[in-house]
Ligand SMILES: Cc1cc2nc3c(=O)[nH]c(=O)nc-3n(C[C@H](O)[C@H](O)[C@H](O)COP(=O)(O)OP(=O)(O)OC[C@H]3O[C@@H](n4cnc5c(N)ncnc54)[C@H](O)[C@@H]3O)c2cc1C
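In the form predicted on its own, a lone chain appears below as structure tokens.
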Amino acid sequence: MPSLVDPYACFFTPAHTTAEQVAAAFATRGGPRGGIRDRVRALGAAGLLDDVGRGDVRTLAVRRAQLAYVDAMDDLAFIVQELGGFPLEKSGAEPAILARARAGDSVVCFGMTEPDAGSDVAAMTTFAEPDGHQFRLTGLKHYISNAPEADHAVVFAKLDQKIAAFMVDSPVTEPQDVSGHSIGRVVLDATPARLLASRGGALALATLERCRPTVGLAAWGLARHGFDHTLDRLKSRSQFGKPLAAQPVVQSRIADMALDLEQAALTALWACWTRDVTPVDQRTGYTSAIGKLTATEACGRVLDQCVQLHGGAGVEEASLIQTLWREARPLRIYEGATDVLKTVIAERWL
């Protein structure tokens, strides 16, 4: 497996080398993988969830790159625990749930998106009503990663016309079939909930600004796997009397792919480093947007080139390249779609 730390050492410390090695060993483990719950339990046992909500972003990045290179479902299981755990760490609420999430004993999901309120968070219609010492939530969240297996859900809802964050135990969910991942709806019908933070909008933004640039490194892991697999094919397959890798037009494509991979890694790592060195009370929406957008779009181009260079074999349903392309494509939408992030970037200059 390729190292992310070695070629980009300027962003890292020796601790990141160790984190990468542990993640690589986990990613290449033998035996059955199971579903999300099995994977979360295994991640906890391996210590990869010990820093949920409190570790640095570059550690998240190197772990995601290694996990995604081998198995996108391991990456999904890993990062959703962070998405759910960070609001618990920041709010200081529910320490017992957070401890179980770090141990891998419970699955926590992050419930923000709604059918009519994706990137437009202000259009959220889920609402909360006080009920004694707790609240009741009504609404619908969808496209929520790991919802079908979730023991707990961090849910964002309107309270007195402002967005607040709540904890829902044993959420009622419905599965959605999206790219073979564990994704579903969270159905809220006067559902009991506990308040985590009255300033839920700020908490949600802090969570996304922390996790968003790491999406680019997950994309890099998927694209680098496709690139390596494609290079092997180009060196071994001959056309017109010589290996494909010897064809000038193919070499031009290889150069384009290498440039995109370098651009993806450097830009996403810059965004991760920026979040790590910036005071916790300061926003990094601009750099997070650039890191995520640049890396996911570049990696999308790499995998599209991989499909093209494989020819018919690249569009076979069961082929590795087709699988990697399908797994990488949603990353240009999740946690800030490309077109929305362009608006964030433009606002910085306007």
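Because the structure is predicted, anything quoted here is derived from the model rather than measured. Counting begins at 1, following the sequence as shown.
Quick note: we don't show the form predicted together with the ligand, though the next part is all about it.
- None of the heavy atoms of P192 is located within 4.5 Å of the ligand in the predicted bound form.
- A residue is said to contact a partner when one of its heavy atoms sits within 4.5 Å of a partner heavy atom; T343 meets this definition for the ligand in the predicted bound form.
- Although the partner is absent here, T138 sits far enough away that none of its heavy atoms falls within 4.5 Å of the ligand in the predicted bound form.
- Remark: T113 counts among the residues lining the ligand in the predicted bound form, judged by a heavy atom distance of 4.5 Å or less.
- Checked against the ligand in the predicted bound form, the residues S198, Q134, S119, Q251 give one hit for a heavy atom within 4.5 Å, which is S119.
- Between the ligand and the residues T230, T207, S145, Q81, the one pair within 4.5 Å by heavy atoms in the predicted bound form involves S145.
- Residues with any non-hydrogen atom within 4.5 angstroms of the ligand in the predicted bound form fall in just one of 89 to 97, 252 to 260, 271 to 279, 104 to 112: 104 to 112.
- Contacts of stretch 308 to 342 with the ligand in the predicted bound form, defined by any heavy atom lying within 4.5 Å, are made by P330, I333, Y334, E335, A337, D339, V340, listed in sequence order.
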